[in-house]
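Presented as C-alpha cells, the chain that follows is alone, the form predicted on its own.
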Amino acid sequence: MEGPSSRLPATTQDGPLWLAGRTDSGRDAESDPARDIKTQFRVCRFIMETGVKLGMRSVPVATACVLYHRFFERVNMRAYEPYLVAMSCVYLAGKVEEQHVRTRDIINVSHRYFNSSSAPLECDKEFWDLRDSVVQCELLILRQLNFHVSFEHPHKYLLHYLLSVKSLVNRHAWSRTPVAETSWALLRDCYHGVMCIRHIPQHIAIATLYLALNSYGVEMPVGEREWWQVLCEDVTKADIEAVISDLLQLYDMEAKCI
C-alpha cells in the first residue's frame, strides 16, 4: 500500500511535509489529473479508516474529507504532502465537530496504518517534529479556507428521507431489504471524491436513497409527483442522475486503485 515510510517529517520552505520518500509524492510543478484523482481517493480512504480507528463519528469524518477536498481545491496537490494534510484535517475536524482527538493518537494510528508491523512511535524528536508539522499544517488549512471550516452535510437529510420513505413502503418489503444500510454506505462513499463538495447536501441524500431503492427493486407509491420531488422540491431527475454518475465513477476509480 502506498504511504509514508517509517521515517518522519520535517518542515521545509514549502510547508510542513511528510516524507518525500512516498511513491506518489512527486514534487513536479505540473499536475496529472488522473493521478491526482487516484491520490484523492486513497487519501480519503485513509481519512475514513483512521477516523474509524480513532472512534470518530460519521459527521466529523465527513468534515475531515471536505476539509481535505476544499484545501486541495485551492492549492496544487504537488505542493503539499497529501497524507500530512489528511492528518491535520482529521485533527481540525475533531475540533470543528466537537469530538476532539489527540494529535498523539492521530499520529500513532497513521503510523500504524502505513507500518503495520512496526513498533509504536517513541516520543522522541522525530515524533515531536511530526506533531509540529500536523499543527502547522492545520494553521495552513485554516488560512487557505479563510477559517470557513463548518459545513452542512447530507447526513441529517438522509435520516429524514429514510424515515419518510419507511412510512410509505410496505413494512415487509422494508424489513427484507437493507435500504437504510446501503444508503448510508453510498453516502459515505461519496466523500472519496470531490462530488461531496460539487453537489448540494439534499441532492446527495436523495440520490443515495434513490440508488439504494432501485438496487433492491423497492417500489414506491405512485402519486401526482415522484417521491423524491415530495421530499426535496428543488431536485430534478438530472440532479439525481448527476450524483449517481459521479458516484459510479468513484467506484470505477476504486477498482483502479486496488
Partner chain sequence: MDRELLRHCLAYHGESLFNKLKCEQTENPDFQAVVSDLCKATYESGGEGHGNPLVEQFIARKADILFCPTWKTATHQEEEHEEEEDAAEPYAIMPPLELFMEVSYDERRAMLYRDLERGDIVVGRINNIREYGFFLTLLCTAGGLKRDIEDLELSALCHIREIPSTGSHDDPLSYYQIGDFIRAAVKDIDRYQEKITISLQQASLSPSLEHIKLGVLPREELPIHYGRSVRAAADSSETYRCILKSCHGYHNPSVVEYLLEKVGVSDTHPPSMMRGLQSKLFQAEDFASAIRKKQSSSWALKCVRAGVDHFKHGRYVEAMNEYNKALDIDTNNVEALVARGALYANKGSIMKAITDFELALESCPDHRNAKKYLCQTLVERGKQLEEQEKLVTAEGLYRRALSLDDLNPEAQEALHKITDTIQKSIRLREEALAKEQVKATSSQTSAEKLRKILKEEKRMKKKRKRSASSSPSSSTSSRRNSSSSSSSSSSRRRSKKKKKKRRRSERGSKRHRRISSRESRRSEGKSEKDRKEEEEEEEEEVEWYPAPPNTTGTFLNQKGGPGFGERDEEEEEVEEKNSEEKRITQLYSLSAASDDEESDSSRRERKRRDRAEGGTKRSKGSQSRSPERRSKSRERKDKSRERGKGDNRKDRRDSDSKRRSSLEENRKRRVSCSSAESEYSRKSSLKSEYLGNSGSASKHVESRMRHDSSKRNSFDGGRYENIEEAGREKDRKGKVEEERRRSDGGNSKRLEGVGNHNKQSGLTSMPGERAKKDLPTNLLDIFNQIAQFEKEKGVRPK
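Positions refer to the first chain, counted from 1. Model, not experiment: these values are computed from the prediction.
Form predicted in complex with its partner chain: not shown, discussed below.
Look at 82 to 90, 135 to 143, 68 to 76, 179 to 187: in the predicted bound form, residues with non-hydrogen atoms within 4.5 angstroms of its partner chain sit in 179 to 187. Under a 4.5 angstroms non-hydrogen atom cutoff, its partner chain in the predicted bound form lacks residue 32 among its neighbouring residues. Using a 4.5 angstroms limit between non-hydrogen atoms, residue 151 is distant from its partner chain in the predicted bound form. Mapping the unseen interface onto this chain, residue 48 counts among the residues with a heavy atom inside 4.5 Å of its partner chain in the predicted bound form.
Proximity of residue 156 to its partner chain in the predicted bound form: non-hydrogen atoms within 4.5 Å are present.
Taking its partner chain as it sits in the predicted bound form, the stretch 115 to 140 comes within 4.5 angstroms of it through a non-hydrogen atom at 120, 121, 122, 123, 127.
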